[in-house]
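Below sits a lone chain in structure tokens, taken as the form predicted on its own.
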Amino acid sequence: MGRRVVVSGGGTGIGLAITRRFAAAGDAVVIVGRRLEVLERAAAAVNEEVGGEPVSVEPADLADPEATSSVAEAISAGGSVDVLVNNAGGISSADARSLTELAEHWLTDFRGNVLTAVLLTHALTPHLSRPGGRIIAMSSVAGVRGPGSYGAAKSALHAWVFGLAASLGAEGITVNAVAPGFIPDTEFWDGRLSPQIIEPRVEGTLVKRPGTPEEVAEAVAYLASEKAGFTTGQILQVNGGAVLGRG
């Protein structure tokens, strides 16, 4: 078995593609998320695909400090962690009709996209391989140009990545983010796709097509690789040229 990899939100969409990518490379992958049945179904499918049981599951609500502490203890009991992919996230779709609802809408996006990454990373940092540990956060094109609470939450991840990269660099641990563009084959877009949604997003790319979870997984795999040891504190955009990578 190769490295030990932890993928939050590893049961569906981009997270599942990331899980497949690492498992196919011979790595042991722990997938973490709130829905045990989703995790178990994903693990069973990937294990059947690659043979053996490289994928295991640990259910937890990663926005809950106590639950995150418990799952980190369970993961670290199996040894050091070489790669941590903070993929858990989502978007609050409720319309706010009051300040109370607006506050909950913003807090939901912050908890789901920022707190899940911060808490799990903080809990597992003492158990990361030194040197050579890799931390990767899943951002979004919305964190570069998007509006509202979701864009603000993903942008907050960028600031966190920059600070964490600076604090862990001397220990040989890299910290980066991947910011996908339009990737329709994910739960994020369930029930929301229509020609009015798809066409302008595809037309806004330079390659005139949507992206795939597997293409995002390849970007994650590169940042997790030994050859990426000189890449840290970066936001790697995977958006078909919808937003150009200018600083």
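Because the structure is a prediction, the values reported are computed rather than measured. Each residue number is its position in the shown sequence, starting from 1.
What follows is about the form predicted together with a small molecule, which we do not show.
Among Glu187, Glu40, Glu218, Glu53, the residue placing a heavy atom within 4.5 Å of the small molecule in the predicted complex is Glu187.
Stretch 56-64 is the answer when you ask which of 56-64, 22-30, 218-226, 40-48 has residues with heavy atoms within 4.5 Å of the small molecule in the predicted complex. At the 4.5 Å threshold, heavy atoms of Arg134 stay clear of the small molecule in the predicted complex, well away from it.
Although the partner is absent from this view, Ala153 stays clear of the small molecule in the predicted complex, with no non-hydrogen atom inside 4.5 angstroms. Put simply, Gln237 is far from the small molecule in the predicted complex: not one heavy atom of it is within 4.5 Å. Contact check for Thr116: a heavy atom falls within 4.5 Å of the small molecule in the predicted complex.
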